[in-house]
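Just one chain follows, in the form predicted alone, and it is written as structure tokens.
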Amino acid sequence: MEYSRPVSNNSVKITDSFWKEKIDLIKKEVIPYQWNALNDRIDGAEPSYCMRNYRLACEILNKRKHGEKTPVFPTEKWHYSPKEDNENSFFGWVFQDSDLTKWIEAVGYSLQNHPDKELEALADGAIEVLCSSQAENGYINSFYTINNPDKAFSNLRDHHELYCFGHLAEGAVSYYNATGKDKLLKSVCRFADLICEKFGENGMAGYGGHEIAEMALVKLYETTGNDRYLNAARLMIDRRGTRPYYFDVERNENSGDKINYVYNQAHIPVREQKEAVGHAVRAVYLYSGMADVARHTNDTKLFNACKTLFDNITNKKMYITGGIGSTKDGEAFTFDYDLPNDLAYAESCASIGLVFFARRMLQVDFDSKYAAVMERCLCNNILAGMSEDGKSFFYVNPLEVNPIACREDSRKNHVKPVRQKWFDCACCPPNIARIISDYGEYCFTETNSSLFINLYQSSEFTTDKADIEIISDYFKSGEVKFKIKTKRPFTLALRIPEWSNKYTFSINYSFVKKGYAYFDIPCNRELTANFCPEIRIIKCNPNVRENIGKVAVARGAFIYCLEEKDNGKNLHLLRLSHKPEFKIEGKFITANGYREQNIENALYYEYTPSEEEPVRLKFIPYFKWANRGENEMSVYIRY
């Protein structure tokens, strides 16, 4: 079977005003801001300790090389702080290293878009520190290097060594692709070789508690051609969920209870998993690695498991905004159709992981539903995770917010009505930076004979088939123009957005399959596609109990919401009219509605029809909420 591959971010120039603004923001504001955060230079923000840990690890390694004995500190906890721990020990979460490596990955993608010698020099300096923290055997992890190197690989379930390796590998590949510099890549390959030795066919049958090493090893394999890395990824996937459970073995336990390992997706073998469970970020990182391994090994059973899991997520466990993971308890999936709005977790990282998963599925199964999910996540949940100035962030992305409840109700204290400058656990900000910087790599995929357009934005890109310029008004009018200069005949496949009930093309297509229209392109050609981004009223499956009698408003790729700033307090009293008379006013949508009048003072009283006052409602794109200070917000409205 022929599989597709992404058109490299190196080959794509985004010129679209909407996405270029976001990509430029990452370069100009987010990357410098996050570097300051990693070095604990943001006033009023939670300290990171990330660079402090790496530098301390370098000092300790240097002392050991010169025969000096260094102190040993505890390794049993997840988090360490100056208030509770020795001043010479590791500080922060056990996975703190990954914040730097995600930053390096974002820098790599940004340099592909915007060459910048000063930024490159800054990253080179960070990489020098990182590589200097590598032990002689190739091991890189500041937590164990500082606190107790003898405990390395002793707690794969909880202490994130393989997770940190995964982000390190992805950062190294990004930076190598951008600059051609292989210092970090070589260091990572030494670490990967150690992992292959430790967890190879004749080694420990281990796998990480927080997945990502699987897809990172595949990326290393794709970059270096070293089969050991692909095999290591396959072994980790094959071993997960088999008995005896490795997480029991490393503790000399025998729980025999798969419930303990649902959180880590390690409860049953992966090919038997039919429902997305446990920690949502871990889940989609695992499923992404599964899809990678299935593609490279032609493992049909493994890929079919991926299809089942993808469909379970997107048909029964995904918010309309592309958020996943509905509970703060374990940051996890719950049961089908359990999608509370005001208790939602919907972590930014989880939605990013779902994009990773969707693109990998698209590389094997050329179905537009995967690209539709990428678009839904990118345009809504992911963009909402960052403020418009790039200097504050959401970890959690709810669909309804009452600021009083966030403060007074402990069940909702994970929900913040305003974005935060940084986080003690800061996985989301650098994750947002890296995916937006790499946006170009999600737009186009290709086989030897076909080119797929998955996301539409003004851009220029080149492949061995053609040089293509796209002039897009996709978000506003739905018109997208293509100027194609062919190098050889090929097939062009254009995604038909699931939100577009009508569409036309300026030339005839050969056929439509799985949501893509296929065109034969024998020579230079211009082509115009017209989609229809009409305002839509969206209803939930009735099994989503929280939204009975409610609807959401959408236009094209964007989900809209109400904010108190425009509609007054008590958004729950608003109702959308059955004759809304929608009007697009710049970036906003207005509509006819009603506000229920609360005329009774009693808590309970005999039913009488409510009195309502006509109002003109104002909806804003969901990703723009909370950029005007603290106020109520709601995606859903009574109908």
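Each residue number is its position in the shown sequence, starting from 1. Quantities reported herein were computed from a predicted structural model and do not represent experimental measurements.
Not on display, but discussed next: the form predicted in complex with ligand FUB.
The closest heavy atom approach of Glu347 to ligand FUB in the model of the complex falls within 4.5 Å. Of the heavy atoms in Ile507, none are within 4.5 Å of ligand FUB in the model of the complex. Not displayed here, ligand FUB is kept clear of Val188 by more than 4.5 Å at the level of heavy atoms in the model of the complex. Using a 4.5 angstroms threshold between heavy atoms, Val281 counts as touching ligand FUB in the model of the complex. Stretch 157-165 is the answer when you ask which of 234-242, 157-165, 497-505, 449-457 has residues with heavy atoms within 4.5 Å of ligand FUB in the model of the complex. When you look in the model of the complex, the only residue of Lys317, Arg434, His210, Arg359 with a non-hydrogen atom within 4.5 Å of ligand FUB is His210. None of Phe153, Tyr176, Tyr337, Phe95 but one reaches within 4.5 angstroms of ligand FUB in the model of the complex through a heavy atom, and that residue is Phe95.
Residue Tyr395 is the only member of 387-420 with a non-hydrogen atom no more than 4.5 angstroms from ligand FUB in the model of the complex.
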